[in-house]
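Given as structure tokens, the chain that follows is alone and in the form predicted alone.
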Amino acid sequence: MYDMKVTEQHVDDLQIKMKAREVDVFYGDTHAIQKVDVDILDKTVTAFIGPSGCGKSTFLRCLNRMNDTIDVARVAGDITLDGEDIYDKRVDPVQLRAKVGMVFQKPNPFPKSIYENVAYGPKIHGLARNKAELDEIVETSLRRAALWDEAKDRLDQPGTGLSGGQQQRLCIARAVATNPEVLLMDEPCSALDPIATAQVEELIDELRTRFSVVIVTHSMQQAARVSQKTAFFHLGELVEYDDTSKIFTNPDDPRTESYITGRIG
């Protein structure tokens, strides 16, 4: 009983940033995700793991309404950000995506200069009143993405001219430039070499001091290294969600254990 109280107190102390309840996703007649309940805690890295096609990326895209862009997709259930329903008709998805930023699997800089890549979001959301403020946002964002020293002398050069790892860090800088509250990352290292992967992992650890970070990864080692909470998805279902250390050492569900030990997946 005593342990349980400690655990409850611990969760109260860590503020819940996003909450999902009874979330279902349909692609046409396909029921892709079933009844997902999960809490995304503030200033915490949450990893979504599971075999390919298990629904982890589909669920991630519910958190900033990216599934709205797919005609046949339908999302049911409740998802809130700071207690506000993100699927409320009054919520502008563009404004929501400024608060819930996203970094994709493959680095996708805009065909613009490094400066313009980072300045794009703050410009369209009116976050800077003048050029000096915009310059400051660009520099701060590139610093947060650990790219300033490499990019400061070539801000007017195309973002596509950077290496793969630098391009991904540029996309992270672009995502944090609108000062989001949550940062979603869909397998952000899958196209990167080990050195660039290590740099991005180090960066994720720094970013969580400012944001909630949710990362989909096919690498269990990566999930174990960067996250504090882990959710295991299998066949469209959230099987288990707990502290990362518990998921990897003492999971409650035999399916989680089978995946961790390599028997499924």
Partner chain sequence: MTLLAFALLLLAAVIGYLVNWRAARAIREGGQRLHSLMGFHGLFSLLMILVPVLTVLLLWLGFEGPVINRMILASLPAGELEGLGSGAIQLISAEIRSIAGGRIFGTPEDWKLDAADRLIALRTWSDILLVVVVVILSLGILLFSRSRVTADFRARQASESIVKGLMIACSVVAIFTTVGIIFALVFEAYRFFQIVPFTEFLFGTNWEPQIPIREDQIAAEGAFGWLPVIIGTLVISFVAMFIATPVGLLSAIYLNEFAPKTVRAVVKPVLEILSGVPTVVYGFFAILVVAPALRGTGADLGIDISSNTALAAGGVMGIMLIPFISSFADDALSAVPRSLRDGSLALGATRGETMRKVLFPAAIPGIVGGVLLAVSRAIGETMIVVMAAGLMARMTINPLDSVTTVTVQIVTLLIGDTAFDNPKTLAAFALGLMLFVITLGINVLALRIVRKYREIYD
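Note that the coordinates shown come from a computational prediction; the quantities given were computed from them, not determined experimentally. Numbering follows the first chain given and starts at 1.
Form predicted together with its partner chain: not shown, discussed below.
For the candidate set L192, M102, L155, A73, a heavy atom within 4.5 Å of its partner chain in the predicted bound form is found for exactly one residue, namely M102. The shortest heavy atom separation between A196 and its partner chain in the predicted bound form exceeds 4.5 Å. The closest heavy atom approach of P109 to its partner chain in the predicted bound form falls within 4.5 Å. Its partner chain in the predicted bound form comes within 4.5 Å of a heavy atom belonging to N64. Contact annotation for T178: at least one heavy atom lies within 4.5 Å of its partner chain in the predicted bound form. Of the candidate stretches 234-242, 64-72, 33-41, 215-223, only 64-72 has residues with heavy atoms within 4.5 Å of its partner chain in the predicted bound form.
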